[in-house]
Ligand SMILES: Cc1cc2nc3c(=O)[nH]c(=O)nc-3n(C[C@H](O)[C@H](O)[C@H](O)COP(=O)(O)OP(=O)(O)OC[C@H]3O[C@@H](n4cnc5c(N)ncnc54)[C@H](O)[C@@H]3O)c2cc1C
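Coming up is one lone chain in structure tokens, specifically the form predicted alone.
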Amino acid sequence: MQAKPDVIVIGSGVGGGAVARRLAENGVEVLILERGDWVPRESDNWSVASVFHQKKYTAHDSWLDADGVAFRPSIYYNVGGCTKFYGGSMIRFRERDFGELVHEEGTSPAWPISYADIEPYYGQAEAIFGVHGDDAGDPSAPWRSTPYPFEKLQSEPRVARMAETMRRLGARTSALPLAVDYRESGTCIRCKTCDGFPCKLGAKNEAETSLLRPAIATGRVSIRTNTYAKRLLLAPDGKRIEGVEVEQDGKTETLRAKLIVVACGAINTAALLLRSANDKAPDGIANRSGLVGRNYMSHNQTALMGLSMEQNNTVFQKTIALNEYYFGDADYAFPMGHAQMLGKLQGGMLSANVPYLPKAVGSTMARHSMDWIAFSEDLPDPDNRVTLRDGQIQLSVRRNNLRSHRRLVGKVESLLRNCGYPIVLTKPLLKHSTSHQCGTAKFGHDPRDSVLDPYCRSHEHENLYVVDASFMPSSAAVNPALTIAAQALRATDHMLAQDLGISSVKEFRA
């Protein structure tokens, strides 16, 4: 490990990983701090019992909800962050998502950057993650300057028939952009263990496989696992971060670097900044605006399970998306959101999440189901926030913009019934939701109403960047992973030029 790295990155998820790789491939020495460990490739990776019942890979944290009731969050502390367990969807935000967008129950604010500002980085991120896609049939797709790196993944017959039926019913579907290693020489076998599972083949293109391992291979990146960042330390003038106080194996030490990049995820990033309060920053680091921890968003989400008498033998089910109603339709002028197929449900997954459902019943249902999930935008609300209560994270959330979400769910329900699934079961995924978390340190031009500048640098501390989903002023209605990666690349180019004196930046490709 370097005696003193140029940059310390706290967190090894998609934001921190993208920063580390970009820096390393441009000659910069980087130290990554990760509070978890490497996820081993083992048989339990694909075990429903281990992953869903025993929750082997889920963090053993205890947080508080708005009422002060403790709960165990569905959060992961490991190398690669939550992308180790995501479903591989890498979707661009729509062009209109970057402007002010009026919803039935409120307004989604404009970003301080435009789609055109981030578009080249979307293309680079898609190349890095080896995304398979095709925008044909997607009425909401934004313009692109580069094609997808790989062609779309073909749907299995039953899914293709459903997509064609939906098209005839007036609802166009399109290929779901997926980051899996299904190249000619790739390792993906198109199994049913993307959503929620780590890939024991390393065939899911996520932060570890696509960012961290290539970064470490440069020889310029070290990673310290099982290392908890307790707090950031301010210089005497309060303008710079002087060091990072960490704990490893019960020992505390202070690490120093020219630049500090925080990328712990929207919740834990807010907690770290708040935990770092001192006499010069009594409300927390970078929190003169009072906005650190506020405006937490995590999408309105509902899983849908269409059931028919016919058994569904599809293996790799997650291939299509539905954006027909993303910005509304002829009968509803407001945005509704995005729907996509889930990976094929397996026996035991239902009983793990539905109390008192016998495993045999859940297994039978799973064999006859077609599985979807619907996402709608939740609007930023300063009272939806992350705070600390006696040092413990408290996540206080009051759901909003649900009318448009229920409308979207109703649309998908109707389509499934008309596609031959007369029984449609729905399960809202709203309580204690931590997936797609964003918004707790939003970026903007004005330090009075934002935490970060448009390149994710703290308005208050010249050597502090926050490069995860915290920066997002709105959540749009699709998985934020690709947008996090794209903005991380954009922010890192700014670091290289403005802070490290490297103006000729090397773009990296997969």
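Just so it is clear, the structure is predicted and the values come from calculations on it, not from any experiment. Numbering starts at 1 and follows the sequence shown.
As for the form predicted together with the named molecule, it is not shown, yet the points below apply to it.
Quick check on this chain: which one of A229, L416, L291, I373 has a heavy atom within 4.5 Å of the named molecule in the predicted complex? Only one option qualifies, and that one is A229.
Could you spot which one of P335, G133, G439, G88 gets a heavy atom to within 4.5 Å of the named molecule in the predicted complex? Among P335, G133, G439, G88, a heavy atom within 4.5 Å of the named molecule in the predicted complex occurs only for G88.
Whether R275 contacts the named molecule in the predicted complex should be assessed with a 4.5 Å heavy atom distance threshold; does it? Result yes; R275 sits at the interface with the named molecule in the predicted complex.
Partner contact for N78 in the predicted complex: the named molecule, 4.5 angstroms, heavy atom: Yes - in the predicted complex, heavy atoms of N78 and the named molecule come within 4.5 Å of each other.
With the partner left out here, check for me: in the predicted complex, does some heavy atom of I484 sit within 4.5 Å of the named molecule? Yes, I484 lies within 4.5 Å of the named molecule in the predicted complex.
Is there a heavy atom of V14 lying 4.5 Å or less from a heavy atom of the named molecule in the predicted complex? The answer is yes: V14 has a heavy atom within 4.5 Å of the named molecule.
Stretch from 440-448, 22-30, 64-72, 462-470 whose residues place a heavy atom within 4.5 Å of the named molecule in the predicted complex: Going through the listed ranges, the match is 462-470.
Taking the named molecule in the predicted complex, which residues of 243-268 have any heavy atom within 4.5 Å of it? Heavy-atom contacts to the named molecule in the predicted complex: A263, C264, G265, N268.
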